[in-house]
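The chain below stands alone, shown as structure tokens; this is the form predicted alone.
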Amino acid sequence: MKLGLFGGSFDPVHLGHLLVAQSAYEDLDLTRLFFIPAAQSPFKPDRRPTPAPLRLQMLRLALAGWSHCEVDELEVRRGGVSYTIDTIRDYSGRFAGAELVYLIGADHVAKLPQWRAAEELARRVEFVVIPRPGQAPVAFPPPFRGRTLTGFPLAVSSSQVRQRVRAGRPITELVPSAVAETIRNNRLYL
């Protein structure tokens, strides 16, 4: 069994996330891909994410009909700062013997040695870099191992979506329609 783990704030989930998920599923020959929204990102300690129930709702709407993907509330239920090593330990226990790959943005690769329990993390999981369009390939710092995802990079970020909402600009080409409707109905990011 080969499981893909896709952590992040997903605030909101956007088409770039979905393209990454599809590419990872196909290119890595995954059995299943888990979207794991963070309760609180250690990389954004001063930013309060949108309440978890709304982020989970948007993820579920975006993934409706995607039988190979699942939303895992593990980090949200755990609460506090979400550390990847805690999630990896949990998955190693729940799916003993499974090969775990963790999707990571290229901007986080250089900081991997600073992550909590970095050496254990490097032993337990292979990282798969999500490239940004036009960005040069990144090298993994020892002892981390991984590769770069090849398909579907899209230059869109959740922060861009939030900025467009605040500016009153359309987001219909950046997020699934059900996610755009949830944002509008709940007056998110204003």
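Position 1 is the first residue in the sequence shown; the rest follow in order. As the structure is a computational prediction, the values presented were derived from the model and not from experiment.
Only in words, not in the display: the form predicted together with ligand ATP, which the text now covers.
In the model of the complex, is there a heavy atom of ligand ATP that lies within 4.5 Å of any heavy atom of E73, even though the partner is absent here?
Answer no; every heavy atom of E73 is more than 4.5 Å from ligand ATP in the model of the complex.
- Query: Within a 4.5 Å heavy atom cut-off, is T50 in contact with ligand ATP in the model of the complex?
  - Reply: Because no heavy atom of T50 falls inside 4.5 Å of ligand ATP in the model of the complex, the answer is no.
Look up in the model of the complex whether R78 has a non-hydrogen atom within 4.5 angstroms of ligand ATP, and give yes or no.
Close contact is absent here: in the model of the complex, R78 is far from ligand ATP, nothing within 4.5 Å, heavy atoms only.
Practice prompt. Indicate whether ligand ATP has at least one heavy atom within 4.5 Å of a heavy atom of R116 in the model of the complex.
Written response: Output for R116 is no: heavy atoms all beyond 4.5 Å of ligand ATP.
Every residue in H14, G105 and H108 with a non-hydrogen atom within 4.5 Å of ligand ATP in the model of the complex?
Verified in the model of the complex; spot residues all in contact, yes.
Can you pick the stretch from 129-137, 22-30, 62-70, 142-150 whose heavy atoms fall within 4.5 Å of ligand ATP in the model of the complex? Going by heavy atoms within 4.5 Å, the stretch is 129-137.
Ligand ATP: the contacting residue among L121, V156, V165, L56 in the model of the complex [heavy atom, 4.5 Å]:
Result of the distance check: V156.
Which residues in 35-55 have a heavy atom within 4.5 Å of ligand ATP in the model of the complex?
Going through 35-55 in order - heavy atoms within 4.5 Å of ligand ATP in the model of the complex - there is one hit, K44.
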